[in-house]
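Have a look below at one chain only, the form predicted on its own, in structure tokens format.
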């Protein structure tokens, strides 16, 4: 019973965490139809941009939080979208190579100025105690992850399903050329989608930074998580991404508590691998955004 309780609790906790990590990547896959290999840099910009504002520039916490979102938007539009994505949209090999290079450059820059030995302490903890749920103990801060995942996902669903801009985004994800003919300004919608895509990972990193191991190479593993969840859910389908996040959370928690924690990563990879073989479209139809 203790193991079952642990699995249930950590399925929700890890599923919410994976959802925040993967939601932005899935949105880009659905709207722009590309693998944003620069997505891993988003996590580094969030953490180390925040740390730069706090420790180097010396602003207060709330100014730093606002500043890191502005920094993310500038990075996404000024470094990722306009110079690379917009320019190489029809040249996939150049697009993927350029995005990967940007991610590597950001990683090396961070490693130069803030190596692992320098240490990073982001004071964004709301709760510092441990929460006891039956026989399971979790950091109370992880409750904020669950709440954030629910609220951000609800916002995305409402925005896509109920707003005029959301209708345009869904139209582009289904019929690009028809959307152009109907007068949709595709480039503006692309830019907006890029901006929206950095919101979930930025919020996620600000929440988990006080209880997470922070190091300059973390973008690789987080990008891998986003890719695996997105593939399992169906490329670019946000509903599938939501389901896949909690499925991956269930796999991770089950293997960790019933098997060997060292096999968690391998188990997730094998599940995604077999899904790709027998159901290449993933859990949901990758042709639709929702």
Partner chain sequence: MVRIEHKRALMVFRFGDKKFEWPIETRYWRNPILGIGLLALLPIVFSGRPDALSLIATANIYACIAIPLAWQMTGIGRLNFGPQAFVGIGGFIAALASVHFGWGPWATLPFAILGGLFFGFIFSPLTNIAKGLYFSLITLIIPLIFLEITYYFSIFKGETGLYGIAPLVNVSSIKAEYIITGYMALIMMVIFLFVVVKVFDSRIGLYSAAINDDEEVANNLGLNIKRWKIISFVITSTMVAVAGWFAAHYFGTFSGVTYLQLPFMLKILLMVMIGGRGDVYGAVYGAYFVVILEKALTVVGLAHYILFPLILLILLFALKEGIYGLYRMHRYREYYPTIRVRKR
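Computed from a predicted model, the values in this text were never measured in an experiment. Numbering follows the first chain given and starts at 1.
A second form of this protein, the form predicted in complex with the partner chain, is not displayed here; the remarks below concern that form.
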query: 32, 92 and 104 all contacting the partner chain in the model of the complex, non-hydrogen atom within 4.5 Å; finding: yes
query: Per-stretch contact check against the partner chain in the model of the complex, the hit in 193-201, 178-186, 76-84, 157-165 (non-hydrogen atom, 4.5 angstroms); finding: 76-84
query: In the model of the complex, residue 63 touching the partner chain (heavy atom, 4.5 Å); finding: no
query: 4.5 angstroms heavy atom contact with the partner chain in the model of the complex for residue 265; finding: yes
query: 4.5 Å heavy atom contact, residue 206 to the partner chain in the model of the complex; finding: no
query: Non-hydrogen atom contact residue 260 with the partner chain in the model of the complex at 4.5 angstroms; finding: yes
query: Contacting member of 44, 235, 222, 242, with respect to the partner chain in the model of the complex [4.5 Å, heavy atom]; finding: 235
query: Heavy atom within 4.5 Å of the partner chain in the model of the complex - residue from 54, 247, 68, 228; finding: 228
query: Within 107-125, the residues that have a heavy atom no more than 4.5 Å from the partner chain in the model of the complex; finding: 108, 109, 112
